[in-house]
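What follows is a single chain, given as structure tokens, in the form predicted on its own.
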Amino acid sequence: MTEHAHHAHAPAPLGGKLITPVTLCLGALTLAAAVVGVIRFIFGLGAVTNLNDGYPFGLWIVYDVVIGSAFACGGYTMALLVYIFNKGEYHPLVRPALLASVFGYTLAAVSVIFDLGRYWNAWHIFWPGYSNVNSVLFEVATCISLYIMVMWIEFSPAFLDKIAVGFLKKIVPDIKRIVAKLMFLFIALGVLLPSMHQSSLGSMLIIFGNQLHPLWQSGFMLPLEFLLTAVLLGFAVVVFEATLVSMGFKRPRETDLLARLAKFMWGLLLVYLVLRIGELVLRGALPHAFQATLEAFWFWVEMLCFIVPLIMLAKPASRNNAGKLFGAAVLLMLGGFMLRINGFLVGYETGDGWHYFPSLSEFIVTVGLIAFEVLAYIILVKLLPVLPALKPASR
């Protein structure tokens, strides 16, 4: 009997205590970020960040938005597999991945407000009179905003029954029927919108021009590179999340299912590395990787985080090893992290005299947002039908 056979496809609340040492620690980190947020909104960005005219994009934008939204692509990748490529066996992974994506993207949108100097003008994004349709940032902002709404609608079946109290009892069944009939449309949007804005995040680096180091200024290839790695990160996060959930909540492991998922990860990773190395060779930029520079060092850190998982997952037997699979997923997440950090910060050469390193307050807010996402995930899987229900083991 396989490990996956212990699971029923119907999700069910996990149950259990909400207040634990882990949730209290996560709550404290969230509170610390909230305190810094209050200071930021009262006294401005200069009071809590090291941003300057040379580095207008700091940790909050690069991690919380560019990286955070890529880490939240689990729902996108599972929708691609299950609904576009008709791989129904991965359906038990859809709702947990969607929950992580909902919070990842929602917090990415919230963190943008932290980084906007005139945050009170954020509503201009949605007002036609202020729209700059030639701006990549405008496309990213509108796509992410729409995608967040789509994901909350996709996730709505998990919490509609919970809010069916009082007068809502009469209308919730009608809402569920309407959502079910229109779900195909939301799923289609849920695949289209991330494809657009994840590639557009790469397009932002094209605008940097010669200010971006040759190891990352891939020109027209940047949108494709960012999209491919976003899909890779989506797969990796699903493996990472499923492994931690099985360990943290003492549930049967999904090794068989994740091993089959690793086959897609490996193939896509091979395609990405061929394209990445190939374009460096064609542009004549590869020699920069062998120079004694800080950029070259971080380039190799990034590349090794992609190359090592390719080797680790090359053999089918390795994909069935839960430890190797988890290790490969962590390295892929680090590789996607480094690609974006390198492109927006390490490889960004704005000119002499400008320097940037995140302040302690910037780290506190970033860690706090991550802590809140994990805390909300733990609470919701205990209260709502997210994870597959367990069947008693057969004897």
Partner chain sequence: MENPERLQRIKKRIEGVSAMDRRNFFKASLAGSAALAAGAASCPAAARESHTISPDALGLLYDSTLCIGCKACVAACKESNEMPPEFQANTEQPYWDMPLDISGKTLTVIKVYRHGTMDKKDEEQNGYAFIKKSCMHCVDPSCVSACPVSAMNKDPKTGVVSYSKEACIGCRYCVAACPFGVPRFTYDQTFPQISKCQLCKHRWKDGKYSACAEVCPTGATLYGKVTDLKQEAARRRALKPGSQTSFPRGQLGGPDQSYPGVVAKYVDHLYGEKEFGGTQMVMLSGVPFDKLGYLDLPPRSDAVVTETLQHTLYSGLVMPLVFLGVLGYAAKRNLKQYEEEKGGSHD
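Computed from a prediction, not measured in an experiment: that's the story for all the values here. Positions refer to the first chain, counted from 1.
The same protein also has a form predicted together with its partner chain, omitted here; what follows describes it.
Contact with its partner chain in the predicted bound form, defined as a heavy atom within 4.5 Å, is made by all three of W120, V136 and L227. Contact with its partner chain in the predicted bound form, judged by any heavy atom within 4.5 Å, is made by just one of R251, K176, R276, H124: H124. Checked against its partner chain in the predicted bound form, the residues F326, F41, F363, Y356 give one hit for a heavy atom within 4.5 Å, which is F41.
Within this chain, P157 is remote from the site of its partner chain in the predicted bound form, having no heavy atom within 4.5 Å. Put simply, L192 is close to its partner chain in the predicted bound form: some heavy atom of it is within 4.5 Å. At least one heavy atom of I84 is located within 4.5 Å of its partner chain in the predicted bound form. For G347, a non-hydrogen atom is located within 4.5 Å of its partner chain in the predicted bound form, even though that partner is not displayed. Partner contact region in the predicted bound form: 289 to 297, out of 149 to 157, 289 to 297, 313 to 321, 234 to 242, criterion any non-hydrogen atom within 4.5 Å of its partner chain.
Residues of 185 to 204 that come within 4.5 Å of its partner chain in the predicted bound form, judged by any heavy atom, are I187, A188, L189, V191, L192, S195, M196, S199, S200, S203, M204 in sequence order.
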